[in-house]
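A lone chain, given as C-alpha cells: the form predicted alone.
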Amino acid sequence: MAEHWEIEPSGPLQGDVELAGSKNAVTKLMVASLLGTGPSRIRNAPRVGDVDITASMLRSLGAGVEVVGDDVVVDPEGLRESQVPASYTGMNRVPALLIGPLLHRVGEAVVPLAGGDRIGMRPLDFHLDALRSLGAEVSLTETGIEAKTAGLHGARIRLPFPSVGATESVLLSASVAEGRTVLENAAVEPEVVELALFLQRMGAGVELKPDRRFVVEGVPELGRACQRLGGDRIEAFSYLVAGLATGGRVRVVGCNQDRLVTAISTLHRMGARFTITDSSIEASATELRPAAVHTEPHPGFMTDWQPPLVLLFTQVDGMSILHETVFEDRLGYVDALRHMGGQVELYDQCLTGHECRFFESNWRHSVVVRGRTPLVAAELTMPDIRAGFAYVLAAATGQGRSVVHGVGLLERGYDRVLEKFTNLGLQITPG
C-alpha cells in the first residue's frame, strides 16, 4: 500500500467508472450475517480496507469470513467469543453495531471504542440509550462498551436525530428481540434500507413506514440470505464531480439514479448536463454556476458529498455557499484548499437553509467559496476519506505537481481508487 501519491495535473478527466457496491452498507450486512443460522453471502462487495478490517474483527469472534472476488461470505456457526479485541479500537464504526448481535448470540458483549473519520463528535448516546430501551445493561468504560442481557425485548424508541448508526443498531437488535419495536425519527438512507432488506431476507419482520418509522416484529432466530449490494452513491457523485471540476466528462456505471436524485438536481442547477440510462449516469458542462447547498439526512443532500462539491465550487465563477448540518467539524479540510490558493472562508452561522442544531454554537459549519480560483500545487495530508478525495481533485485541477499523504484512507473507502483515477487519465505516481 502506497503512503503517498504524487499527482500531476493532466487536463480533463474522461471515461467510464465501474462502481462497486456501497462501502457504507457492506460492513453492516456482514454484521447482520452473525444473526443467522447459516452462511450468508453479500455480492458486489467493494474492495476496500473497511471490508478487511471488519472481516478480521468477525474472525476474532469465531465467525468464518471468506472474500472471493466481489463476494463476501460470513458463516456465524463458530461464533463463541463475546469480546472484540482492543486492537480494533478506533478502526471503524463496526464495534458499536456488534453489540446487539453479540447479546443475541452469547448474552454479553465487550467492544472497543468506535472510530472512523474525524469529522465530528459522533457520540454513542443514541446507540446506548436504544440498547437500554431494548433490555440491555450497558456501561461505557474508558476503553469501550460493556453490555449484557437476560433477553432483549421490544420497545418504542424515538431518536433525537435520525442517526444512521443508531438506526442500524436498533434494526440489528430488534430483529431478534421478543415483541414489537417501533423506531421513530429513524434514518432512511439507502444503505439503511439495504440493511433492512437483508434482515428481511433472513426472516426478520421489518417494515418501513412513510414517516421515518421502522416497525420490527422480533423473531427467535434468523436464517441465511444472499443479497447484491447497490452501487455506491458516494463513489458515483465523487467521480461525476471529478469530471466536472477538470472540465471533462465522466460516466459512472452501476448506481441507480434513485440513489442520486438530490445530487443530480444540485449539479443540474449549477449547469451540468446529464445523460442517464438504466445502468449509467454521465455528467458534463460547458459553464457552471455557483450554488447554495445545505446538507441534510436522506433524502437531502448527503454530508459525504460535500467535500468534492466544495472543491468544485473553487472552479466555478461566482460565490457559492455550503452549510453543513450533520457533522459539526467536517469543514477542517478547507484550510488545505486555502493553502492552494482557494478563496474559502468559514463561518459559525447557518448561512443557507434552516437554522440547524449547531445554531449559535462555536462550530464553524458554513463555508463561502469565491471562484473561479486557480489552485497551485501543494503537499497535503488527508484528514478523512471524503476530504481525501477532494484533495486529489484539488491536485488534479492545480498547477504543478502535488504530493498527497495518507492515501491509505482513500483505499479504505474507495474501491480500486488508484486504478480508476488512472483510467480517467490522471497522472499519479504512488510512493
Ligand code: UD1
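Don't overthink the numbering: it's just position in the shown sequence, from 1. Since the model is a prediction, treat every value here as computed from it, not as a measurement.
There is another form of this protein, the form predicted together with this ligand, and it is not shown here; the text below is about that form.
Only one of the listed residues (Gly135, Gly165, Gly230, Gly218) places a non-hydrogen atom within 4.5 angstroms of this ligand in the predicted bound form, and that residue is Gly165. Note on contacts: among Glu108, Glu81, Asp125, Glu77, the single residue with a heavy atom within 4.5 Å of this ligand in the predicted bound form is Asp125. Looking at 337-345, 220-228, 302-310, 67-75, the stretch with residues near this ligand in the predicted bound form, meaning non-hydrogen atoms within 4.5 angstroms, turns out to be 302-310. Taking the partner from elsewhere, Arg249 is found to have every heavy atom lying beyond 4.5 Å of this ligand in the predicted bound form. A residue is said to contact a partner when one of its heavy atoms sits within 4.5 Å of a partner heavy atom; His323 fails this definition for this ligand in the predicted bound form, lying far away. Contact annotation for Tyr88: none of its heavy atoms lies within 4.5 Å of this ligand in the predicted bound form. Contact annotation for Phe327: at least one heavy atom lies within 4.5 Å of this ligand in the predicted bound form. Shown here without its partner, the chain carries Arg47, Glu194 and Lys420, none of which come within 4.5 Å of this ligand in the predicted bound form through any heavy atom.
The single residue of 146-161 lying near this ligand in the predicted bound form is Phe161, the criterion being any heavy atom within 4.5 Å.
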